[in-house]
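First comes one chain, alone, set out as structure tokens in the form predicted on its own.
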């Protein structure tokens, strides 16, 4: 039985991976760590876990946090994982980090990302960057030899999966890409913020970070690797009055392919990927269809009049955009079937 530690257990990402690990037949939760809610039972913070996870949340200074574990999930802000990931690996753990700390394979690319979020561009664990892998299993082979994975950003998952087949096949102009992303309020995290106070969010929507969103760096990195050329996107992030879910509307100039040809291209690209489902433009798809799941639903279409690719990508930002994608990575890092504890349809309505 694998023993897991969750750092940042009190946030949305922490409770998300807790819920999933409770369903996993090969994993036991051994330690919950958080700066907030220290000393409280997990089920006191999240009452729906009563009887399922009553473990006490400990502080980073607690001796239990220094014990060895098989896997450590860092559901923490940028800058936390890089401080202690080396210690965890030295104790024998595999590490999955939710933040941007390990999404980039070089100090230069990390520094570019750090500028977007106003952080120190100097990485605190540069030696680990050559060992990390971008944790999107649909594009990268995650093996049992992997010791550290940088879990992708939520917007990045929706955009990269929505554009990857077209970029790899070189059927679109890589500098014509437009990503229009809309996210639920949970994307801002659990910490109270006046901007996301209910009266400010109800019946309201707005664009944000128009000067530059941090997920642009990883989107351009991954699509550039796929197409073996520079990719530049125009990205607009918006928050809409729903709890969870991301809908990204993706556009790019085509070189003449028909809608049927593009649809077949996408279906072939994802033929062996169980968590990506490709739909034609006639099938009604929404964020409700992926809520609570690890699935990415892609509606693939061509605007023939303007010779433009149009892909609508739906994910649950707290699942495929965070916790369930992390579990998919963990499954592969330990040699389990990647669908273990994830092959579920969600709930309706």
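Numbering follows the first chain given and starts at 1. Model, not experiment: these values are computed from the prediction.
The same protein also has a form predicted together with a further copy of the same chain, omitted here; what follows describes it.
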Problem set entry | Close approach of residue 215 to a further copy of the same chain in the predicted complex, 4.5 Å, heavy atom | no
Exercise. Are any of the heavy atoms in residue 242 no more than 4.5 Å from a heavy atom of a further copy of the same chain in the predicted complex?
Worked result: yes
Exercise. Residue 117: heavy atom within 4.5 Å of a further copy of the same chain in the predicted complex?
Worked result: no
Exercise. Should residue 63 be classed as touching a further copy of the same chain in the predicted complex when contacts are defined as heavy atoms within 4.5 Å?
Worked result: no
Exercise. Do heavy atoms from each of 5, 158 and 269 fall within 4.5 Å of a further copy of the same chain in the predicted complex?
Worked result: no
Problem set entry | a further copy of the same chain: the contacting residue among 247, 254, 223, 166 in the predicted complex [heavy atom, 4.5 Å] | 247
Seminar exercise, completed: Answer key: of 318, 298, 27, 33, within 4.5 Å of a further copy of the same chain in the predicted complex (heavy atoms) is 318
Exercise. So which stretch, 185-193, 99-107, 256-264, 158-166, is the one near a further copy of the same chain in the predicted complex (non-hydrogen atoms, 4.5 Å)?
Worked result: 185-193
For this session: Would you give me the residues of 201-225 that have any heavy atom within 4.5 Å of a further copy of the same chain in the predicted complex, in order from first to last?
Result: 201, 202, 203, 204, 205, 206, 207, 210, 216, 220
